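This document opens with one chain alone, in structure tokens, the form predicted alone.
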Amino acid sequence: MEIQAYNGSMGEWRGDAVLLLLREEDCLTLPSLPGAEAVRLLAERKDFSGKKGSSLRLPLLEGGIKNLYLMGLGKAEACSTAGVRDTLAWGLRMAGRQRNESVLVPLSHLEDAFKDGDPSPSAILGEAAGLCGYVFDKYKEKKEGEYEPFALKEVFVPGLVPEKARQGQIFAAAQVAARALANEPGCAISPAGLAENAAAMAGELGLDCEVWDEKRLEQEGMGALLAVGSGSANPPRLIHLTYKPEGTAKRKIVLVGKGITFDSGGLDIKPSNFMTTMKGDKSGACAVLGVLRGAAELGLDTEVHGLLAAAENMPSGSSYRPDDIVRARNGKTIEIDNTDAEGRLVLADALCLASELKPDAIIDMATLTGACAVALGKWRAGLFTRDNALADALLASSLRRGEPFWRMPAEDEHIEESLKSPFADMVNSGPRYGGAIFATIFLSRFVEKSIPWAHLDIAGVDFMDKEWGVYSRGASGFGVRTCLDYLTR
């Protein structure tokens, strides 16, 4: 989709549609915008008030414009950049599906909604335009003569800042790339398949890519990752991607992603209704791939490493068992209490490797615990860290990009007691209550204490049951734009 500046007068516009985002206070005060008189009359008749979540399509039978779309943002004091972004995506999606190819989007009347101008209106428009049209339909039959599901090709914006819009589009493209890969079923993406996708992306963008197969993993002492993958016909992989800027990097950040390409639960097998959507248990790794893509395309001045711990957790005669004891890369031993607590095992080895790279910070992304989803629901992810500066930076980025994170406890002396094992250094699964905190404390045992580290638990937000805002049904790519925003600061 192409985004262009529109420099003509509003009255001269002859494209397919006009998309107006309106707060309740705007409906009677829009003298310079197309359709302003219609909006005023509708507001007086109470047919459209600008209430949040409301929308109205007005087919125009005269002139060159086919449709006027009115999208409500609610009251001015409650209007946020996240609300503008989501409503833009919703309106553009609606226009594209109703076969409009070109849309004019005036935003000047919303300038006060962008309180500090960061992200700018142009950047938010770029994000919304890049995210609104995505749908995972590659396996659906395309019938001859059938309309394309999304027709929108051009978005025109008065006062557009092209470089900001391009930045927004790069953020969106990074998230779409993560979505597309996370949506792939387990029959299409194995650990080796994930490595192939990473290598292809590295070749496209000029990144370094190193892949460790099962023999190399054994040589490197990655016993926890090997254990998780031991029951599958598809052996595990450790994928290491590196982006280095031109010149001297200002800092080094390592991103670690959980890449369980399918999670059956292993021998502690999941109930069937909990196994559906487990193709998305690789969402953390896919998000890391998306962030690396965005970092390269933005040309950031930060050195960024991506470590993807990839395995398929399956039950078989060769599976790891409850009561097994495995040894992680740093030498610590882990008693297996539950084979469905596998994500923390693959992350353990990857976090050891991340620490060895001596970065300025480590961030891991994982669909780790149902406990986090129970605590925060399906619209907010958990942020766990003991480092206040890192927490503040990530929370600020999440606010700017409209991906809600909530800071959770990263330590608890009572929960920490439950990590103790009579036979090994620790167990991999604990009591029902405080499960997300238990997992965080477990992971902390594999991170060098002097390195700032944040754990992002995206369980619950990795898959959307229905469209809302910038999200389509399926994998969300949640966290990609937050981490990219953090890396740009």
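Quick note: we count residues from 1 along the sequence shown, nothing fancier. Note that the structure is a prediction, hence the values are computed from the model and not measured.
The discussion below concerns the form predicted in complex with a small molecule, not included here.
Shown alone, this chain has one stretch from 414-422, 170-178, 294-302, 340-348 that lies within 4.5 Å of the small molecule in the predicted complex by heavy atoms: 340-348. The single contact residue among S122, S319, S190, T369, judged by any heavy atom lying within 4.5 Å of the small molecule in the predicted complex, is T369. The listed set R97, R327, K270, H240 contains one residue whose heavy atoms approach the small molecule in the predicted complex to within 4.5 Å, identified as K270. In the predicted complex, the small molecule sits beyond 4.5 Å of every heavy atom of E127.
Taking the partner from the other structure, the small molecule in the predicted complex has no heavy atom within 4.5 Å of any heavy atom of G50.
The shortest heavy atom separation between A375 and the small molecule in the predicted complex exceeds 4.5 Å. Among heavy atoms of L456, none comes within 4.5 Å of the small molecule in the predicted complex.
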